[in-house]
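Presented below, as structure tokens, is a lone chain in the form predicted alone.
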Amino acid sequence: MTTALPMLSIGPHSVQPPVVLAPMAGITNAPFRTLCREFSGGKGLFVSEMITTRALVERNEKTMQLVHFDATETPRSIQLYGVDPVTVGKAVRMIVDEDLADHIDLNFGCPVPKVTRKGGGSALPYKRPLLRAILTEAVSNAGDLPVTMKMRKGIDDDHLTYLDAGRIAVQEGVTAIALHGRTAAEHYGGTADWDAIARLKEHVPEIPVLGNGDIWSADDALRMMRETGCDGVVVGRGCLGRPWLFADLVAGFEGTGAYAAPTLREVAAVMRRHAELLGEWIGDEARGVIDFRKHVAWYLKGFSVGSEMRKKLAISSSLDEMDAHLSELDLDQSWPVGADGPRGRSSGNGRVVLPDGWLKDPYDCSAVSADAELDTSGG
């Protein structure tokens, strides 16, 4: 007897297996999405890094590069950040009119101070009328494009918003919701609350709910779906320096069990290709290698590579220089036991930077400043 594979529907788009690459600023650009898609065989949904609505409407040069998709990317998925409903509506209409994407995701989950201090990201759902207004503008201007949203549990444990936000999303015509099982105050620290994902799924059975948080392996993704009943998973930090995780996710959902265990030689080849793709995308080899530097530690995690060599790779400025350093590694090392697990920032901040008076009344939106829209992308 053949078991049907789970499939996620995002409007007219079928995502099988139900796996989504989380938008990550400075990470999920076109080169990284290309690597992840190649490993998955094109299966899954791969979202752009966060795009600010004001920068898009004003046609900021960097932003216009970020919303450019490779011809092989389908569906094209853009994540938008905005605080002003009118600007969000204009950005969505621009995407529709100029055929810039096939799917729009809205960011209500970013916990970084430069976003929350403006009332955006994970701070915004606390203001229920503002959240509703933004969703109304987005959905009404999206035409046939599906609109989804990604959020956190709330600002902190005393100001949880995800159930109210989920109900508002359903009422306003949002197609699907992704929940990161942490508050903004937790940032990426501690353990993600998968029980919250299950509660949200029970609360909004009308639309798909995707779970996010602490997915470091394909087995984690399968376990999340079993334990929470969610309709799909969103993978963020788990694929940092591990784009082949998407091959594992496909294998896990398809039941082949053929998980990747690359040698250092194979990892080095992926590193080299990643840097090369960045250079081609940016239009400058040196800038591409420099942009790649932040990925070095993630790729090498668990391997026996001395600190001096790690430093050399992290300050490389050309592909030739990078090749020379990679050739000096013990490339025959097998995949290290315990190499999976947390990568990137993992500590909780404990305090969320908010606009003055933000928490006084969840229905009073007067604390939203006129300059709340960020004017640059990638935050």
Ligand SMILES: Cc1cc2nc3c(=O)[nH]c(=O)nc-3n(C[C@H](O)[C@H](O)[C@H](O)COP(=O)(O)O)c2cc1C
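Not measured: the values here are computed from a predicted model. In case it trips you up, residue 1 is the first one in the sequence shown, and so on.
Form predicted in complex with this ligand: not shown, discussed below.
Note on the partner interface in the predicted bound form: the residue among Asn212, Thr161, Thr148, Ser122 having a heavy atom within 4.5 angstroms of this ligand is Asn212. Proximity to this ligand in the predicted bound form, taken as a non-hydrogen atom within 4.5 angstroms, holds for one residue of Lys118, Arg237, His295, His103, which is Arg237.
In the predicted bound form, no residue of the candidate spot (Val15, Arg33 and Ser77) has a heavy atom lying within 4.5 Å of this ligand. Only one listed stretch (212-220, 256-264, 131-139, 153-161) carries heavy atoms within 4.5 Å of this ligand in the predicted bound form, and that stretch is 212-220. Val19 falls outside the set of residues with a heavy atom inside 4.5 Å of this ligand in the predicted bound form.
At a distance threshold of 4.5 angstroms between non-hydrogen atoms, Phe303 is out of contact with this ligand in the predicted bound form. When contacts are judged by a 4.5 Å heavy atom cut-off, Ala25 counts as touching this ligand in the predicted bound form. Interface residue remark: Leu313 is not counted as part of the site for this ligand in the predicted bound form, having no heavy atom within 4.5 Å. Residues of 305-329 include none with a non-hydrogen atom no more than 4.5 angstroms from this ligand in the predicted bound form.
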